[in-house]
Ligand SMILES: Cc1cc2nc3c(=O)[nH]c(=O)nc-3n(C[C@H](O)[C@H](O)[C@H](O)COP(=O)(O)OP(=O)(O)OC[C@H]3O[C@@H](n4cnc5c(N)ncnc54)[C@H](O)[C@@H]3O)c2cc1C
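As structure tokens, one chain now follows by itself in the form predicted on its own.
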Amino acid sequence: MKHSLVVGMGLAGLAYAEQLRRKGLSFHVIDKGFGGSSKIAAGIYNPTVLKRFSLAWNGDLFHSYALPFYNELQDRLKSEFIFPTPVHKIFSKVSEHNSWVVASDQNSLSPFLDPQIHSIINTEIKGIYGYGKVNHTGRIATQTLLNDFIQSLNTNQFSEETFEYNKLLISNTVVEYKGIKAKHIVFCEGYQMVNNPFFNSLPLVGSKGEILIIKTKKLQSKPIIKASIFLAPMGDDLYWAGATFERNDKTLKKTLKGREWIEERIQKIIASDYEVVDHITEIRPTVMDRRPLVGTHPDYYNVHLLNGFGTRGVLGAPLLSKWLLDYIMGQFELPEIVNLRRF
């Protein structure tokens, strides 16, 4: 019998499976291979909110746990998916200078926000007001990470298929799915949770994000650029550009409106000519109160949820997955702010 069935192999499912592996606990992952929003994420790890020059919720705590977690995983997989690089926040007006310097003096933000106002030297980047530098940031190549992790699993640990809820049998001591028995099942499905009969009453609202992958040889930027959108270097003169936030449209249809919105902002950031090489869309698993959904089903002690990371999955998934596993093992009490019982 397995310790856990894990449904979904985005960042949440990967982090939870890795936590199980580190504790020597057996597991089986079921995933169709869609990957959800994790597969198209820029993968930027940045504990700050650069719209307001503040620290994201639990940003420093998640950051301090996530980086060692990914480094250990990178070493184990003999892979390369961590790309440390600063974020350059392009200022749009001179009044932002003072706000930046004041924020950088706060104890929580001083490790990340460089107080100096820098002039832009790269002539391909527009910005007469200069930029501020965010330290200890970078990008996780989420597609590489997910692919390499799945490759590391054997046939007893992974099934590529769509999960069928009506095939799940639950008793007091075991869950069983198509002959696979486990003590627990953990759903890590991202926005697909809206189809999950055990948890679809929870307020996972979702927000559609469209992104562009652009190619430009002139820009030659190693740092991640942040203005009204992010421009994140991916190597080979490719940049991740985005993203849109759309709360009403829950389809995966690419829209001309979304593309034009991003291109309009790209052209305000860079002077370089560029080519759009891809246009991608996905639904982020965002929650009504902007906090994760973690915990156990009220009627089934062995049915659990790890979801609702929104745009912060790269930083949040490692520690939140540890919280859930420790909670299931009776070693930790989930903070009320993330516990799905709050609804």
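Values in this document were obtained by computation on a predicted structure and should not be read as measured data. Start at 1 and count along the sequence shown; that's the residue number.
The form predicted together with the named molecule is left out here; the points below concern that form.
**Q** Any chance Ile229, Glu264 and Ser272 all have a heavy atom within 4.5 Å of the named molecule in the predicted bound form?
**A** No, none of Ile229, Glu264 and Ser272 comes within 4.5 Å of the named molecule in the predicted bound form.
**Q** Only one of 289 to 297, 47 to 55, 60 to 68, 313 to 321 has heavy atoms within 4.5 Å of the named molecule in the predicted bound form; I'd like to know which.
**A** Going through the listed ranges, the match is 313 to 321.
**Q** Quick one: does Ile30 come within 4.5 Å of the named molecule in the predicted bound form, counting heavy atoms only?
**A** Yes, Ile30 sits close enough to the named molecule in the predicted bound form that at least one of its heavy atoms falls within 4.5 Å.
**Q** So, Ser201 and the named molecule: in the predicted bound form, are they within 4.5 Å at any heavy atom pair?
**A** Looking in the predicted bound form, residue contacts with the named molecule do not include Ser201, since no heavy atom lies within 4.5 Å.
**Q** Is Thr162 close enough to the named molecule in the predicted bound form to count, meaning some heavy atom within 4.5 Å?
**A** Thr162: contacts the named molecule in the predicted bound form.
**Q** Using a 4.5 angstroms cut-off on non-hydrogen atoms, would Arg284 count as touching the named molecule in the predicted bound form?
**A** Looking in the predicted bound form, residue contacts with the named molecule include Arg284, since a heavy atom lies within 4.5 Å.
**Q** For the stretch 208 to 243, I need every residue with any heavy atom inside 4.5 Å of the named molecule in the predicted bound form, listed N to C.
**A** Contacting residues: Gly209, Ile211, Trp240, Ala243.
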